[in-house]
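Next up is one chain by itself, shown in structure tokens, the form predicted on its own.
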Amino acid sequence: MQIIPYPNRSEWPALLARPTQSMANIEKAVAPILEQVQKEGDAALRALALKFDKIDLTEIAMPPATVAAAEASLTEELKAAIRQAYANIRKFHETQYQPVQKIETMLGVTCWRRSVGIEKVGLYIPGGSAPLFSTVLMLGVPAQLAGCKEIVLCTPSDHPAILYAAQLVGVTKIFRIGGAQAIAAMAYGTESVPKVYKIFGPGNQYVTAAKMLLAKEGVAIDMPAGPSEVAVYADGSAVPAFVAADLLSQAEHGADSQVLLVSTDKKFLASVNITLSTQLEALPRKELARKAIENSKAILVEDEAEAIDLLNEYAAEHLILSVSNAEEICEKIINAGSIFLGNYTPESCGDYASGTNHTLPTNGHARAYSGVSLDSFVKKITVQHITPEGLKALGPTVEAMAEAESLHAHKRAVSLRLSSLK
């Protein structure tokens, strides 16, 4: 990794920029795919599968026999691991339930909020070289807890672990499609793929562009989630081998991933670089990881305060605090998707099985977005009930405000009722 000593704050935006292509160019490539799927439905899905994936997609739905055979083809060890992860994720997300609280804002005026599961949701699981069955759990568990009636899964992969996880979380339909065309199919609906009300899931920049373009048309999406990233803030109490392993665990996702290391200790950065090179050579996916590392940086800063400012400016998807006062620093972080404290909290645990959700905002979107949670799969419907006594108390306030806004019908809706109570 390139070590950059004491950069001026004016240099931070360039240093912290993600290695992304021009979004305008990506959207230009994606827009015709969306249009083709909208117009041609299943025929477009078959044509695009042949064009991009060189697959003759005779069956768009995942064959039931393939789904049924998934469990038997997995080892008991992996099935036990998936079930443990499922239990942990479910336990953490169950705590996010919010019971109905009826609030009497004034005498006779009662307001409350109901959480209602989104009826139809679409989950996207990328294909590529890594079968992300963990993402099925991360998206499917909160959808299941929310009570979503239809959970549609689109993935170009038929990996048995993906199909096994899909069964655990109650996925109702699975389709063998990927890329921007899968997002379009769930947004518009085709002869085979039902239209959903909200789309979830990570993907490359083309998938993200598809979601963002569809969001402009009114399709609900989880967030603009793109290539994975991690930032690590480490001091002399950190273990160089641990930090190097954490950096590589993100770098192996793909060449467009980014890792960032921040420290006040120059010798520590040098130590990490040495062990990073050694560990990299031992990785089966070393060529992907190497390309990501080439796009990544180790930044030497003056002090803790500057490190915190830089990390908040970066707004990492994953932030590892390998410092002696990790909890104290954590309270000063205002922009991050998920935070990992101390030397023995590898980001990998959050990716798989600690219980938190790994579908998180990337590319600086953690400044305004949260990761996926139970709330992502529900709608909050407000309810109010006013008694005659309550209207007598509240009515004059509403009449005065409506009059001041020159909305006389609003005022009359209250005044007529008040007159009937005299």
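What you are looking at is a predicted structure, and each value in this text was computed from that prediction instead of being measured. Here, rigid core means the biggest group of C-alpha atoms that superpose within 1.5 Å across both forms. When you see a residue number, it is the position in the sequence shown, counting from 1.
The same protein has a further form, the form predicted together with another copy of the chain, not shown here; the description that follows concerns it.
Listed stretches are 297-305, 251-259, 183-191, 265-273; the contact stretch with another copy of the chain in the predicted bound form is 251-259, by a heavy atom cutoff of 4.5 Å. Using a 4.5 Å cutoff between non-hydrogen atoms, D375 counts as a contact of another copy of the chain in the predicted bound form. In the predicted bound form, E287 stays away from another copy of the chain, with no heavy atom inside 4.5 Å. At least one heavy atom of R367 is located within 4.5 Å of another copy of the chain in the predicted bound form.
Although the partner is absent from this view, P388 contacts another copy of the chain in the predicted bound form, with a non-hydrogen atom inside 4.5 angstroms. Contacts between stretch 380-398 and another copy of the chain, counted in the predicted bound form as any heavy atom lying within 4.5 Å, involve K380, I381, T382, V383, Q384, H385, I386, T387, P388, L391, L394, T397, V398, listed in sequence order. Superposed on the core, the two forms barely differ at H385: its CA moves less than 2 Å between the shown form and the other one. Once the rigid core is used as the reference frame, the Cα position of V372 differs between the shown form and the other one by less than 2 Å. Annotation for L360: C-alpha shift under 2 angstroms between the shown form and the other one, rigid core superposed.
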